[in-house]
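The data below hold one chain only, encoded as structure tokens and taken in the form predicted on its own.
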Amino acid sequence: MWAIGVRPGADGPVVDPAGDVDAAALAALYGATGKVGEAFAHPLPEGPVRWLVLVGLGDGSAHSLRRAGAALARAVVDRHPQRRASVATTVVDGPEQVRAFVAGAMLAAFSFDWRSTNDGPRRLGEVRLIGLSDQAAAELPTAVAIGHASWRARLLATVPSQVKNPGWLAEQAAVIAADAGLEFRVWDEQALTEEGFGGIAAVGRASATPPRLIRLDYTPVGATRRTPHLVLVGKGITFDTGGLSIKPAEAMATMKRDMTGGGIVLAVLAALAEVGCPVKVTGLVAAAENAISGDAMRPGDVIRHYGGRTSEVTNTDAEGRLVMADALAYAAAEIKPDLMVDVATLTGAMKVALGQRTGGFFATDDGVADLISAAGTAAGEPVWRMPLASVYADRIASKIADADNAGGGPGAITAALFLQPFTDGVPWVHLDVASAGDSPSEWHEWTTGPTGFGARLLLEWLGQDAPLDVVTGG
């Protein structure tokens, strides 16, 4: 299969040449306009190339090329028996375009199934970019690494929870650490209790598969004691029943994906070396299954977190913030990083506020907030900054503990305010991706189900020359 580009023009679509084929006539036949997202597959009667695909390139921007890559991937999977395609350099060239096109093609082709037969979703086998410039070709490894990170995050979120429990997630982290040359540590349920991780222990104690805290450490080549240090914290709830404050049955159907934040952290740590991240990064995944048993956490319980701060549990379905609080407090006290970023599918309120195509975030530093917003736009994962509005702090006040874990609306803001004290004043970003963590339908590079939203954003940012200078003054 051979792909050529179609661009909108003042006098009609502009079609790239296609050898002996009258590509302009084919564009007219199919009504191709060059609008981004168009992909028309035309069979060729003879020769080694059996299909020609007319791909709409829009304005040729990275945003448009990402969607063009997605459209091509779907056309290849639908039409080509070997699911392979070659793409001319006239379609995509330049580092930003390559990165966007590759992400679109890789992620639109994502699929997962455990069928007993081979009649499930077909997969994209190969896309070749032909005739790239040296500069564009040099960008390919980074582009593939970023696309693969989102793919990995989606895969981790899609695996059913009969397999995916906290121990399994720790095993995946160990494999990633070995493959990527990362330092690895895991706390089991006994160590969590002995060392004071009361939130993780309380949330996970009702499950037959006990909780874990996972730590991965990345150190760039040539790092010194003065190299800036970032901590990434991910929510790793491998299944969420809601606990004793049980969810309705229909709300549990997607709860194998409640560890999306943890999956993103693992996927990002795995790709840091490949994108050339110049700063130290520690990844922490607070992993637990929020289950129901005779030993389940109860409404009215008071939890003592790492470092001593206490939380009154008024809703056991607000469990994600309880495990993340421990990880944030540990990072602030023991690692003392220059910046902390957490990522979680934390609140349904964020989905109400932003829908399902935009992520939300909170930040204590305006400079970091600008970098996060810009990285999201560049990576195709747009985010909107929300206010850390202290006027709502009274909603999480408790008469018997330092805070109430479920202070009510506005839910995304009160959840962020609950977490903020655990950062101990360290500059902090809280990514609540409950809005965009799941796609309700096929939409450009997003496939129905888990999106891995956040992985591309974080790698776009961390692959820059000096991602933490805004907080370190470097």
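A quick note: this is a predicted structure, and the numbers were derived from the prediction, not measured. For every residue, the number given is its place in the sequence shown, counted from 1.
Another form, the form predicted in complex with a small molecule, is not on view; read the next lines as being about it.
324, 169, 346, 269 - the one with a heavy atom within 4.5 Å of the small molecule in the predicted complex | By the 4.5 Å heavy-atom cutoff, the listed residue in contact is 346.
Could you spot which one of 247, 309, 205, 395 gets a heavy atom to within 4.5 Å of the small molecule in the predicted complex?
-> Looking at 247, 309, 205, 395 one by one, just 247 meets the 4.5 Å heavy-atom criterion.
Would the small molecule in the predicted complex be within 4.5 angstroms of a non-hydrogen atom of every residue among 279, 430 and 464?
-> No, none of the three is in contact.
Stretch in contact in the predicted complex with the small molecule, which is absent here, among 234-242, 377-385, 188-196, 156-164 (heavy atoms within 4.5 Å) | Every other range fails; the passing one is 234-242.
Is residue 318 one of the residues lying within 4.5 Å of the small molecule in the predicted complex, judged by heavy atom distances?
-> Although the small molecule is absent here, residue 318 would touch it in the predicted complex, with heavy atoms inside 4.5 Å.
Counting only non-hydrogen atoms and a 4.5 angstroms cut-off, does residue 256 reach the small molecule in the predicted complex?
-> No, residue 256 stays farther than 4.5 Å from the small molecule in the predicted complex.
Quick one: is residue 434 in contact with the small molecule in the predicted complex, heavy atoms, 4.5 Å cut-off?
-> Output for residue 434 is yes: heavy atoms within 4.5 Å of the small molecule.
Would residue 74 sit within 4.5 Å of the small molecule in the predicted complex, counting heavy atoms only?
-> Looking in the predicted complex, residue contacts with the small molecule do not include residue 74, since no heavy atom lies within 4.5 Å.
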